[in-house]
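For reference, the chain that follows is the form predicted alone, supplied as structure tokens.
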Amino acid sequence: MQGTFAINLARIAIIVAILALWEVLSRTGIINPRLLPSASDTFVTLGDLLQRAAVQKDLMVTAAEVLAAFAMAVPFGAVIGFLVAENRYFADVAKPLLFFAFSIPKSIFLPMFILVFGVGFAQKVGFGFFSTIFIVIMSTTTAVESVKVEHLTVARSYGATPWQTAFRVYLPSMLPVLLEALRISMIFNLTGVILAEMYASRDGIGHQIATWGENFQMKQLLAGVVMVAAIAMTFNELVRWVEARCSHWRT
């Protein structure tokens, strides 16, 4: 208990130190305040932005796009990953191709999504899906391969059906790995959607951030970055909390 408290205290101290350094660098003029507004001014601007109806609408648009892409990529990628892991021939054929596709920067395909889907909801959701699915497939494959063969042998020897094996053996064994994969997948998903919004979009928080940057509105730009970072970290910590509750299933 004391160890956890000390760790959390150290994390808070690091964050406070970074914010203090940020404030000092700006206030003293070591870094031009026009290029790096102070932390206090940035957070005041953040509070102001969150009260604006336009920003709230953009946040809702981005949230809808992220959730739509995530809701499609995770089950679809999980099914493919499961099939790859369970079929040796399919794995030998598909795994090198998956690693090859995963290694390619996804941003180079963004113009193709704009040409196919136009500028709108489908283009951003499609690119978010494309940015996420490969990591889901690879993570699911790893999760399936982490299931102990002895557990499967015992379940099948007792006459477990495929559905019972899936929910009583595979799922408990895979869940901790899958939760870790969900955290990483959401990072790829959020990055893909915001990148699509910044590149070509009429709405969304990524579009707002790009507009602020183009107009040299540094306070708004930094506030937008802090906003997106806070959202990503909140989701990350939520999944980590669930993952910690499921850690006893690693048996």
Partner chain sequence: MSAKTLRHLIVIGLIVLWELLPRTGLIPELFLPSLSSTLIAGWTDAAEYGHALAVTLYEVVVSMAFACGGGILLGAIVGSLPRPRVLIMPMVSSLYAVPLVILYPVFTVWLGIGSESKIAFASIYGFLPTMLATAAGIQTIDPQLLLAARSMGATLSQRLVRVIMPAAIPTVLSGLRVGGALVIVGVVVSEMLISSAGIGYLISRYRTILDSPHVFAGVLLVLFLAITFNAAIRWIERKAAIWQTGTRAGHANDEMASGAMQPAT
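Numbering follows the first chain given and starts at 1. We call the rigid core the largest set of C-alpha positions that still match within 1.5 Å between the two forms. For clarity, every value in this text was computed on a predicted model and none was experimentally measured.
What comes next is about the form predicted together with the partner chain, which is not displayed.
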Inset, instruction - Check whether residue 46 has any heavy atom within 4.5 Å of a heavy atom of the partner chain in the predicted bound form, and answer yes or no. - result: no
Legend entry - Heavy atom of residue 69 within 4.5 Å of the partner chain in the predicted bound form: no
Inset, instruction - Using a 4.5 Å heavy atom cut-off, state whether residue 112 contacts the partner chain in the predicted bound form. - result: yes
Legend entry - the partner chain contact at residue 20 in the predicted bound form, heavy atom, 4.5 Å: no
Inset, instruction - Residue by residue through 135-168, tell me which have a non-hydrogen atom within 4.5 angstroms of the partner chain in the predicted bound form. - result: 135, 138, 142, 144, 145, 146, 147, 148, 149, 152, 153, 156, 162, 165
Legend entry - Large Cα move at residue 34 between this form and the one not shown, threshold 2 Å, rigid core: yes
Legend entry - residue 55 C-alpha shift between this form and the one not shown of 2 Å or more, rigid core reference: no
Inset, instruction - Indicate whether residue 188 shows a C-alpha shift of 2 Å or more between this form and the one not shown, with the rigid core used for the fit. - result: no
